[in-house]
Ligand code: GDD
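This document opens with one chain alone, in C-alpha cells, the form predicted alone.
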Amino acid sequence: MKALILVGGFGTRLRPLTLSKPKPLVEFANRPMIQHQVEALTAAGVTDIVLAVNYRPEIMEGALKEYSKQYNVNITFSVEQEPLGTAGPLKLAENVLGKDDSPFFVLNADVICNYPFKEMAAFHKAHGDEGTIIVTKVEEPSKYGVVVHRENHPSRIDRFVEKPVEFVGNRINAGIYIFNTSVLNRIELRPTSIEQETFPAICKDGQLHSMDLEGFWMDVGQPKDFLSGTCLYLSSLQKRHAKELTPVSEPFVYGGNVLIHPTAKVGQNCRIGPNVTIGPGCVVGDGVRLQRCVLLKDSKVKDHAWVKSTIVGWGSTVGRWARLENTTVLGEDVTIGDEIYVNGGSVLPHKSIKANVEVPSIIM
C-alpha cells in the first residue's frame, strides 16, 4: 500500500516554532509529528510514503532518511512549484500513488489521533467503492463541514454541508482518507480542492463512504490546538501505554498524564501536571509549577516559575518566579527574565523579554 501526507508550506499557524523547524518536525509528545504518522502507516503495511510539500523539502531530508531506514519504507518528496491545494498533490504524485492497483491513504500532516489505518483498509475493501473518509463526532458541528449520509445507509455519503445553520449531523471530515487509484482520473494537475471538487464528484456517483473514528482526534496546526491535542494524546497514552508516562507515585506528579524524557532533570518540591510533556535535556528548577504545557528540547525553567498553557521552545529559558499562561508560545532560544509575566505572548526566536507582556501579542 501507499500513502500521501499533505504537508503544505511554511506552517504559519504554528509560529513562532516553524521559524526554526518545518511543522512536521516539531516534536509532539517528544517525537516529531511526522514520525507518529510514518510509524502508524508502516504498521498497517504501507511501503511507499509521499510527502507533498511546497516549502524547502531539503530541511526534512535528513530526518526522513532516518525514518526510511528505521521503518523500512520508501519516503519521497513531491514538491509543488505552486500550491496545489488538497487534491492537486495527488495528481502530482501519480507516479507513486498509481504505480499499482492497491489503494492509497491520504492524510493531513497536522492530524493527531489513534490512526486506524488497518481498520480503514479492511472497511474500504469490504464496501468495494472508490473512497473512504474518516469522520469524527463534534459537539459544535456549525463550525465545520458536516457529512450527511444517504437515507437508510449507515456509511454511504450523500453530501457535505459547510458550517450548517440548522443541525444536519455531527460527523465531520477528520482529514484521513483511503482511495482506489481510479480517483486519480478525477483530478487535474492544477490548484484544486479535494473537499470542494473531488468529494462531491465521488458522492454524486455513490462511491464515497465514511468510517467513524474511535477515540480522540485533533488538528494540532495551531498553538491552542497543539496544547489541546497534547492533553488528548496523553489521556489516550494513559489508557493504552501507561508505562510510558511518569508514575503518579513520583512526589512531583500532580494530576497525572505527565511525559518526561529520561534525560530531563526535575528539581525539588515541584508540582507537575496534569498534561505536561518535558523533552530531552530539559532542566526544571526547584519549586516549579507546570500545568498543561510543553517543554521542548534543552529548555530550562528556573526556580519557582509558574508555567501553564504554554509551549516553551528549544533551548529557551524561563526566569525565576516568572509566570507564563494563556497559550504563550516561546520560539527557539528565547529568554524570559526573572519575575516576568507573559499573558498569551507569541515570542519569536532569539528574543529576550525583560518587561511584562500583559496583553496577548506577537513579540518580534
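C-alpha atoms forming the largest set that superposes within 1.5 Å between two forms make up the rigid core. Nothing here was measured: the structure is a model prediction, and the numbers come from that model. Sequential numbering from 1, following the sequence displayed.
Only in words, not in the display: the form predicted together with the named molecule, which the text now covers.
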| property | result |
| --- | --- |
| Partner proximity in the predicted complex: residue 180 to the named molecule, non-hydrogen atom cutoff 4.5 Å | no |
| Heavy atom of residue 83 within 4.5 Å of the named molecule in the predicted complex | yes |
| Touches the named molecule in the predicted complex: residue 3 (any heavy atom, 4.5 Å) | no |
| Partner contact for residue 108 in the predicted complex: the named molecule, 4.5 angstroms, heavy atom | yes |
| Options 285 to 293, 180 to 188, 142 to 150, 254 to 262; stretch whose heavy atom lies within 4.5 Å of the named molecule in the predicted complex | 142 to 150 |
| Triplet 39, 118 and 226 all within 4.5 Å of the named molecule in the predicted complex via a heavy atom | no |
| Among the candidates 64, 52, 26, 322, the residue which, in the predicted complex, approaches the named molecule to within 4.5 Å (heavy atoms) | 52 |
| Sole residue of 244, 162, 214, 205 within 4.5 Å of the named molecule in the predicted complex, by heavy atom | 162 |
| Rigid core superposition, residue 201 Cα moves 2 angstroms or more between this form and the one not shown | no |
| After fitting the core, residue 162 CA displacement of 2 Å or more between this form and the one not shown | yes |
